[in-house]
Structure formats: C-alpha cells, structure tokens
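Given as structure tokens, the chain that follows is alone and in the form predicted alone.
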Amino acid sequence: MYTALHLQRKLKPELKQGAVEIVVISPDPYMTYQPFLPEAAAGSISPRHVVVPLRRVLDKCRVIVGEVRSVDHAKRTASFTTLATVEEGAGPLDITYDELVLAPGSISRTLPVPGLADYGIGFKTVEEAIGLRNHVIEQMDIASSTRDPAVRDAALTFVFVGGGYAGVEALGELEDMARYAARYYHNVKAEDMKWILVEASGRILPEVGAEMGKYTVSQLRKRNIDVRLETRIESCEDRVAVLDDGARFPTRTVVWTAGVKPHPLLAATDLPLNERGRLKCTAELAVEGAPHAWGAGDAAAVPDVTAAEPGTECAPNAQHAVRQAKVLGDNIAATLRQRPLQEYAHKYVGSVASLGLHKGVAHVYGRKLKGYPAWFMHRVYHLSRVPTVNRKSRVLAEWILSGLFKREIVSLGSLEHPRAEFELAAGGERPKGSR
C-alpha cells in the first residue's frame, strides 16, 4: 500500500495521460497497521481505525480484492482468484504486468506443538486482536459464573508464547485491560488471574537493548506476570500448557506470537529465494537476476548497507517496510523515466514498546526512556507513521476521549457468529462455539 501510494504521487502526470496503470491485488480491501493491534485488543483504539481502506487511499490505482496464487515472471503473468471466481466455481484469472512489486508480508511461524492448531490464538490480524479481546473478557465471565474451581483456574490463566514486540505488547495491554475490568466483577480480582510469558531465548524485546529488556522483565514481574526465559512450550493438548521446565498450566488461552515466516506465495513463483524463503533482493530493492521484479518488507531479504558486518540483512519489521516502500516507489518511477536508482540505507532511530496504559520502554536517538515518557514516545512515533490525515485524526481523537472517560470492557464475541440467533429462531441449531 505504501509503495502504491508513493507511486501514484510520483507518477501523477503519467497516470493523467493514461500511460501508466497501477494495479494492487490484495486479499483484504484494507491495510492493517499492525503496531496498533495491542491497543485495539485493549480497547484503546477502535478496530476500524487500525485499518486503512485501500480504495479510499489509492484512488488513482485499480484495486482488486483477490488472492494471488502464483507468479510466472518469465511470462510476466500472475494468477489470482477473487470472491466472484470462488463463488462461481471458476478457475484463477491471469493478469499481465510490466513491473512486479511482490510484498505479501509474512505469516505466523508455528512449530509442531501438539494442540496448538486446536487451541492456539494468533496475533497478526485485526480480526485476531479483537477476537482475543472478546476471548479474554469471556474467560472472566466464565470464571465469575462457574462453580467448578478447575474451570475457573483455567479460565483465568493466560499463556503468551514469544517475547518479541507482538507478545510483550499484547500481554502488557491485555493484562492492563483485564486488571481494570476485574473491578466490575464481584468475585474476580486482579490477583486471581495468572499471566505467563514463555520465551525460548534468554531475553525479551531484543530490539530495545539488553538493559531495557531486563527492565521490562522486572516491570512485568512486579505486576505478578510470570516471565519464563529460556523456556519452550511442549504441548497445549486438552487445554493444558506443558512447558519444558516441567510446569503445567491448565488454561483456555494460549496466544502464539513466536516469530514469523515468509508468505507461502513466494514459493509459488519462479523468483530466487534465500535459505529462509525470502526474496533475494539488491540494495535497490530489485530482485536479484529478475529484471522488472521488486520486493520489500517481510518478504524481502534486503542487504543492510549501513551494517558494520557484510552480509547483514534488514530485519523483517514495520520500520524497514515503511521506509523501503518510499525508496521502492522512487526506484520504479526512476526506471520508467530511465534515471539512476538509489540504494535503501536507513538510519537507526530507535525502538519503542508499550507495556500497557502509561507504561512503556524506549531506546530513541541513543536515549533510554522508561514508564510514562516511553509510553508517550511510543504513541507519538506510531501516530506519525499511520498513513493519511484521516486516520491520524481519528486515532488521536480516540486517545483523547479514552483519557477523559473510562475504558470500554464490552465483549462482542457474538460477532464471530452473527447469524446464530437468527438460525436458532428459524428452527436451526446454534453453531458450535457460539453462545
């Protein structure tokens, strides 16, 4: 989306003349600003403000809501399906192109953990974030109404696997929300809940540095969050999380944030991939050995020209993806106008992470911030990165309102089965898993 947005600005004269057409194929009609997912899960931001509608933003582009199945770059064609082709039972459609930008991002990297496919919850999409919010509140409702101590204990035990940005921020925001929500339950207290963070390495949040990572661990433990480093989950079958240190936690919530892997679409192309399955790209963001093909973001292995050690690649994160998009748009425009290309070289600004309302850690411009200043810096930075003035204004307005009024702690779990009540009224049965 960022590349197409930059291109429609750079190629404005060509678009007006009809000499250029920009086509965007995406499975969703919106772009998700993933750094805001933890706050959306905690209710600080409305879900609709975490996403950016493609058709409104890319008004000079042709947007196709569909899923690319394969790319034959030798023939300059891509095959894709749409909702209509699926509904009609038709085969994939083909589209030809002159220049290809392949940026499908990444998906959750899962491991063969027994029970994970049945009970695990991901945290990469806005749907998962809102589903997790509803799930946490529903577990508190279950714990409040059950008379079975075992059911209550499992409902109030929340296990998060992965100590990166996604895991730590999601845990921090949701624990903060649940602690606040507990005041409205007559028989559920904040200290009744168990929050467990499982991390396979010896540190969390490596992006903010070792010192700030240790500070984060100490702050989480002060909130009675059980942080287990150098620990792996072996199983979550039968709603029991079994760790390799021998601990067993009956739980109804296992959130999986243990890394990402390249999108499987990359394997369905004839473009060169590295050993990790990412596109081999040059510093100019062109795919190696494939003229007129470009890559950026999580899907691309881009050399870090600013690194001291040769062979270092840019990390697959949002900070690089957004910056690469601008350079990529410039380079594609330069190619069409037969001008020289520029290399992608970033200047490290720092890293910020939220640990809940008014809590955070940051390492910005060499300065280390903790608590409220870090949390404030986190919000300022991401507000500056959200695309369009429309979204910036809406997010800022929601933050101001959330500071003036109390949190929203309503669960809308029925959204996952919107027809359940009508089906029941019409003489059918409730879908399994619905209320």
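Don't overthink the numbering: it's just position in the shown sequence, from 1. Only a predicted model underlies this, so the values are computations on that prediction, with no experimental measurement involved.
One more form of this protein should be noted, the form predicted together with a small molecule, which is absent from this view; the next part is about it.
Among 86 to 94, 116 to 124, 134 to 142, 279 to 287, which stretch sits within 4.5 Å of the small molecule in the predicted complex, heavy atoms only?
This holds for exactly one stretch, 116 to 124.
Looking at 213, 360, 316, 329 here, can you tell me which has any non-hydrogen atom within 4.5 angstroms of the small molecule in the predicted complex?
Flagged contact: 316.
Out of 165, 158, 294, 249, which one falls within 4.5 Å of the small molecule in the predicted complex, going by heavy atoms?
Answer to the contact question: 165.
Taking a heavy atom within 4.5 Å as contact, would all three of 175, 355 and 400 count as contacting the small molecule in the predicted complex?
Heavy-atom distance to the small molecule in the predicted complex: none of the three under 4.5 Å.
So, in the predicted complex, is residue 387 in contact with the small molecule at a 4.5 angstroms heavy atom limit?
Contact check for residue 387: no, nothing within 4.5 Å of the small molecule in the predicted complex.
Taking heavy atoms and a 4.5 Å cut-off, does residue 391 contact the small molecule in the predicted complex?
Residue 391: no, not in contact with the small molecule in the predicted complex.
Quick one: is residue 43 in contact with the small molecule in the predicted complex, heavy atoms, 4.5 Å cut-off?
Flag for residue 43 set to no.
Any of the heavy atoms of residue 47 lying within 4.5 Å of the small molecule in the predicted complex?
Heavy-atom contact with the small molecule at 4.5 Å: absent for residue 47.
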